[in-house]
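Here you get one chain, nothing else, as structure tokens; it is the form predicted alone.
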């Protein structure tokens, strides 16, 4: 029986539910630590992606059975030669050529869109590494996912870490912002966001990302329409008014027991003041006040990002999974 690839209709609740169910089945085998997707999160990622660029989903059916889900991201602000693709195959349909077929289709779509540097990613498992090698992708970066569960921390651990960092950051103020950033903070804030370009990308062929006020607003809108509450803690240098760094967490009110840690950055000129520790501990202190049901945070970093990993270790994050990011270029062998 032949396979069929269909672009998701974001208004079709049955399609959304089917994708959520397939991801739940694959996560049960490959990543049981994940909290799982929701129909709303799938819909909004399809329409708006992480920060305004749509990341469309595709349903792969064999007859009436959904056997795989594909997804694609084509950056529109930078890295215009790049495309990221991903596929999840239902555990009952693996080792039947469905993953290879799906990737062939997605590679064709990305190539037709003019993308020549293609990437994919996945959990670092033996079958994942074997598959990406078989379809001509090379592992270019390795990541580690960590989680902190607040109930497992020693009493007072967060406050102690905050107090230890505070004297080193005596020249800085911390600003707490819920939701959309006030307009008068935007110009300075963008430089703190752009500091993410200093994070290691290992051997990935990747240019610096371009950040401006429009992109920040697109990021805010994307997560607002998912129903998530956006929490930011921003460090600002008291004497110059420069924004020195920030950290961001989102919490879904429909699933308030956990939060997702997004970017944490410190601008190069302001490093050495333990701002990473201060920002992240203040975030946890704040969440304890405004999101008392939130019992854990999850974050991912490149394994080579030893500085941020050291901060996370200090704050009680523990590894729960490892990932790989892979690429193929025009010189790579065909699928």
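Please read these numbers as outputs of a predicted model, since none were measured by experiment. Positions refer to the first chain, counted from 1.
The same protein also has a form predicted in complex with a small molecule, omitted here; what follows describes it.
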Of 238-246, 114-122, 214-222, 156-164, which is the one stretch near the small molecule in the predicted complex, taking non-hydrogen atoms within 4.5 angstroms as near?
114-122
Please tell me which of 261, 82, 143, 128 lies within 4.5 Å of the small molecule in the predicted complex, judged by heavy atoms.
128
Of 230, 106, 148, 132, the only residue with a heavy atom within 4.5 Å of the small molecule in the predicted complex is 132
With a cut-off of 4.5 Å between heavy atoms, is residue 75 one of the residues that contacts the small molecule in the predicted complex?
no
Heavy atom of residue 89 within 4.5 Å of the small molecule in the predicted complex
yes
Look up in the predicted complex whether residue 98 has a non-hydrogen atom within 4.5 angstroms of the small molecule, and give yes or no.
yes
Residue-level contact is defined here as any heavy atom of the residue lying within 4.5 Å of the small molecule in the predicted complex; does residue 30 satisfy this criterion?
yes
